[in-house]
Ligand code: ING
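Given next, in structure tokens, is a single chain: the form predicted alone.
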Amino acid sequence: MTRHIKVAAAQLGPIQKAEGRQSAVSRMIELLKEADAGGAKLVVFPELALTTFFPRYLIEDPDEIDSWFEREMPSAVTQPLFDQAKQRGIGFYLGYAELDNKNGETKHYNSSIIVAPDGNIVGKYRKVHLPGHKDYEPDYKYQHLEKRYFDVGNLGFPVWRVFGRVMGMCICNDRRWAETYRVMGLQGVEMVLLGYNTPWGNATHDEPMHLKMFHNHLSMQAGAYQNATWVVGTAKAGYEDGNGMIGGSCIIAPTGEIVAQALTEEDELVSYDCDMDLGKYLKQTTYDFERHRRIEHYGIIASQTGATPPPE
């Protein structure tokens, strides 16, 4: 008996700075309805799906910074998305900026959640690999101030059972790090859900556009193949507040092959009927971790951050 689930990557076009959360939620509901009409049971929305990508701006007023963050989830604004999903029996992944205030300490996270078809949140992830820089850099072509506005995620890379499948999450820059996938792979992950907001350009150097998309897909395809897992990557894309962001939302099989991909930089839904047993043969052969991994030689990975070349 095969284990299939139809999954949709719900790419969002640009969300301008002046656009309210209600508008973003309305757009996501329309994509959810389209996914339902096509038979999808799980929908993956992008990173920071409720607002523009605000880390491109220098913001110094703490209250203004906090205004970009969600204090609760669901909130009054996002409740209609939860209601629609529950009514239709669809689960979803949602990326957003989370303000956490526990024990009198305020933390800001770039977060995502998995919501089950019954409308309940079953898992939360907080972004670990924060890119960019902390201080405003006047000589940079672009600002990417994630290190200024977000704390490093404190939940690690857990996995959960959703639809009877083992699923995990990551966000944007996490996809570029092999450790992200391997930690989930060691927990038997069968599908990794991730959202991203990736700019067209780089702050300090020029890079051809084709390389941006190549590296985007390469990192996800490698993570999928090397851990025999499905990967669903969903972008917020297009020309947002005068800044371009790549699209390329896609669904990747455990073989590393892209099986569905968005063609635009606008709101677009792509879906695929995923056979969750497709990666089983890889988990039993090439990537049978128990038989083939040699952890006695991997110590440097968890004990060292920067590269240390041998002496000359």
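Don't overthink the numbering: it's just position in the shown sequence, from 1. Model, not experiment: these values are computed from the prediction.
Unshown form predicted in complex with D-[(amino)carbonyl]phenylalanine; subsequent notes refer to it.
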Quick check for you: of 226-234, 159-167, 182-190, 123-131, which stretch puts a non-hydrogen atom within 4.5 Å of D-[(amino)carbonyl]phenylalanine in the model of the complex? 123-131
On the criterion of a non-hydrogen atom at 4.5 angstroms or closer, are Q11, F45 and Q261 all touching D-[(amino)carbonyl]phenylalanine in the model of the complex? no
Name the residue from K147, R88, R176, K107 that puts a heavy atom within 4.5 Å of D-[(amino)carbonyl]phenylalanine in the model of the complex. R176
Can you pick out, from G119, P80, P74, P199, the residue that has a heavy atom within 4.5 Å of D-[(amino)carbonyl]phenylalanine in the model of the complex? P199
Is K212 close enough to touch D-[(amino)carbonyl]phenylalanine in the model of the complex, meaning at least one heavy atom pair within 4.5 Å? yes
With a cut-off of 4.5 Å between heavy atoms, is C172 one of the residues that contacts D-[(amino)carbonyl]phenylalanine in the model of the complex? yes
Closest heavy atom of F53 to D-[(amino)carbonyl]phenylalanine in the model of the complex, within 4.5 Å or not? yes
Judged by heavy atom distances of 4.5 Å or less, which residues of 277-301 approach D-[(amino)carbonyl]phenylalanine in the model of the complex? none
